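Only one chain is given next, in structure tokens, and it is the form predicted alone.
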Amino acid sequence: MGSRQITEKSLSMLRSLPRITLANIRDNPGSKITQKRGRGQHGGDKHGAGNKGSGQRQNYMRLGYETGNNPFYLRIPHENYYRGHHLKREYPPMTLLELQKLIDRNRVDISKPIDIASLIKSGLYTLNPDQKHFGVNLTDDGADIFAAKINIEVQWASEQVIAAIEKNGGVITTAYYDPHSLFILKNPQRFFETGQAIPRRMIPPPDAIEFYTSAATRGYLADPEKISQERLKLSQKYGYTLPNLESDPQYEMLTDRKDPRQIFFGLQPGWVINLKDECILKPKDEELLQFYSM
């Protein structure tokens, strides 16, 4: 049979067949299998839900409840060391080695003073003020290879860290920031877009006053003359020659410090930063000037 005859025979069969409609469409035989409920496989037990009570009804007991027994957290003697641990200030660490890597990769500009905003802007340091983070703890890991001359402001630093920075002719300052100021430093652009005036930085709490007024820890509230004396004592203790800041060509950058009420370098409290018009609005009212200068 030729191909032409096959085609004619197929067309004649199609003419004799009824048209396809929704009324005559059917599934292929055996394509659907009716699901039937089978017999249980556990022989009438509780199916892993226990025997009566709240456990069987998915009404679970609170965490730590031991069905009437003296719970674990009451059986163990109380440790005063952990009292108020959820309220203690935390300082996420950054090593001198990590700081040197940031400088070598040009993630941080050492021609300007370095603060929290500069470190967060590098993208390699994370600060979460909502988790009781109160700033940077600069640790001494990599102190033997640190070779940058910088002016840095951190919140916590040991004696070895201070010696490693001042040995290279740098300056370090420990300064306190309240949580609201830290939120602003974490994302300055978001704060500027709100159109609010830059607030004043709050003073340290009573338990931190001693640290930030001490010249040995290079506190930002310490006497500058006592800081100069402590710089000399530390150089004699660790056996290095203290560079002379007055004769340094970067003297202005190294001695640049924030006011105790200031949050940003170069921006005073009370100023409004308008990013859209690229301008700065400064208060002129005497009461506002007096309020932000206090």
Partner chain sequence: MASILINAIKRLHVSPQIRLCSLNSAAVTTTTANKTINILKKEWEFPPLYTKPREVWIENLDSVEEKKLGLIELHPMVYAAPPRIDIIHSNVIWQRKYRWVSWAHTKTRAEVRGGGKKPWPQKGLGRARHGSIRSPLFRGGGVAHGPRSGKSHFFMLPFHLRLHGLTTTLSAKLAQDDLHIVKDLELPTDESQYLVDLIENRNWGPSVLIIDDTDYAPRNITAATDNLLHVNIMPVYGLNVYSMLKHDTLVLTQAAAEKIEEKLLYHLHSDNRERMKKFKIDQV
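In this text, the rigid core denotes the largest set of C-alpha atoms whose superposition between the two forms falls within 1.5 Å. Numbering follows the first chain given and starts at 1. This one's a predicted model, so the numbers in the text were calculated from it and none came from an experiment.
Omitted from view is the form predicted together with the partner chain, to which the following refers.
The shortest heavy atom separation between residue 67 and the partner chain in the predicted complex exceeds 4.5 Å.
Within this chain, residue 84 is remote from the site of the partner chain in the predicted complex, having no heavy atom within 4.5 Å. At a distance threshold of 4.5 angstroms between non-hydrogen atoms, residue 27 is in contact with the partner chain in the predicted complex. Taking the partner from elsewhere, residue 103 is found to have every heavy atom lying beyond 4.5 Å of the partner chain in the predicted complex. Checking 164 to 172, 216 to 224, 89 to 97, 182 to 190 against the partner chain in the predicted complex, the stretch whose residues place heavy atoms within 4.5 Å of it is 182 to 190.
Contact residues in stretch 7 to 22 (any heavy atom within 4.5 Å of the partner chain, taken in the predicted complex) are 7, 8, 9, 10, 11, 12, 13, 14, 15, 16, 17, 18, 19, 20, 21, 22. After superposition on the rigid core, the Cα atom of residue 28 is displaced by 2 Å or more between the shown form and the other one. With a cut-off of 2 Å and the rigid core superposed, residue 15 has a Cα displacement that reaches or exceeds the cut-off between the shown form and the other one.
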